[in-house]
Every structure is written in C-alpha cells, then in structure tokens.
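What follows is a single chain, given as structure tokens, in the form predicted alone.
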Amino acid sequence: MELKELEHTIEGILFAAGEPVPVGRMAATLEQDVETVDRLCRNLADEYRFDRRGMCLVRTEDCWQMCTAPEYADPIRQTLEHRKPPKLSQTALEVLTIVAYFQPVTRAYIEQIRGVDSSYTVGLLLERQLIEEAGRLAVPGRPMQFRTTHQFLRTFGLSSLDELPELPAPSQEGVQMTLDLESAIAKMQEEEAGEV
C-alpha cells in the first residue's frame, strides 16, 4: 500500500471509529510499524490544521481521534444540540482534580481529602465518562479504584496527563493527611498478607 493510500485508510478508520483508536491497533491492521502510522497521523493532523478544515486529529496518549475543529465548535454545537450540556459543579471539579492528579484512587481516598461523602459525584463523573474504573485495590474490602479517561483529556484539551499544571505546594496538614492515609493502606496490606 502506498503512503498516500495508507493515510486515506487511516483517515477512514478514525472517521468511522468516532472514538480514540490506539496507534498499535491501526499499525497491526495495516501491517505497518507504529512509527510509520504515527507519522502518517501527524501528517494528516498538520494537513487538516493547515487547510483550516472543520475536523482535526487529536492525539491522546497512544491513540488518535478525529474531532471537530475547536474554532467551529459553537456553530456545530448549536446545530446538533438542543440544549447546552450541563457544566461541572465545583464539587465535580474537585473530585475530578483529585482523580486526575492522584490516580488511580479509591472513593475513600477522595472522601478523605474532601472530608465529605463523594459517592454521588463519582457516579456522575462515571456517567459522563470523565473517569472510569481501574481495578480493585488489593486490601480488605477490595475497593474500586478510578482513573481519568480519554474523554477527560479531550474535554480539557490535553493530549496526555503530563500536560496537567503543577499542583501548588501542599499545606502541612495536607502532607500529614497523605502520610496518614499511606500508612493506613500499608497497614491494611500487611494485615491482608498475614491472612493469606
């Protein structure tokens, strides 16, 4: 397959997928190496940007996705949506921040930092696909852990979590709370190991 034909095939895959597609999966399907497919995706993204098209290619971690170009978002949204999507509350933003910076985290960890029950907010963020389940912690009770999703990266215009801004220096109280939590987790893990 010629490079231009590969590029057109990648464009079709990304259009049809409607969600992030791992570079490795496309490379395996097209019988190409990952570097070639990634380079073709970057070339295609540059071409879309140069031509100021209504679509763009976005890279999130090891995936590529075709999205609408941000500069055309308002007319597209007005045409396709009957109502504005609800904005995230301050509470939802707090929980999302905790998950983004400390992932994977349990609901108990989130609640310890916030000092209040966060079950409803975690459920809301799961429903909006901004966070997802990330397995269970190997301690008694096996609590579910959560992490951010590709939808989170797209929503906040990030291509990876490395682009998150630095957290401000923690207060002494926050440092102590983290140390207490880490100590409690280590103790639970030791107790679980002793039971086996």
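Note that residue numbering follows the sequence shown and begins at 1. Treat the numbers as computed from the prediction; the structure is a model and nothing was measured.
Not on display, but discussed next: the form predicted in complex with another copy of the chain.
At the 4.5 Å threshold, heavy atoms of residue 53 reach another copy of the chain in the predicted bound form. At a distance threshold of 4.5 angstroms between non-hydrogen atoms, residue 68 is in contact with another copy of the chain in the predicted bound form. For the chain shown alone, residue 44 is a contact residue for another copy of the chain in the predicted bound form, at least one non-hydrogen atom being within 4.5 angstroms. Contact check for residue 134: every heavy atom lies farther than 4.5 Å from another copy of the chain in the predicted bound form.
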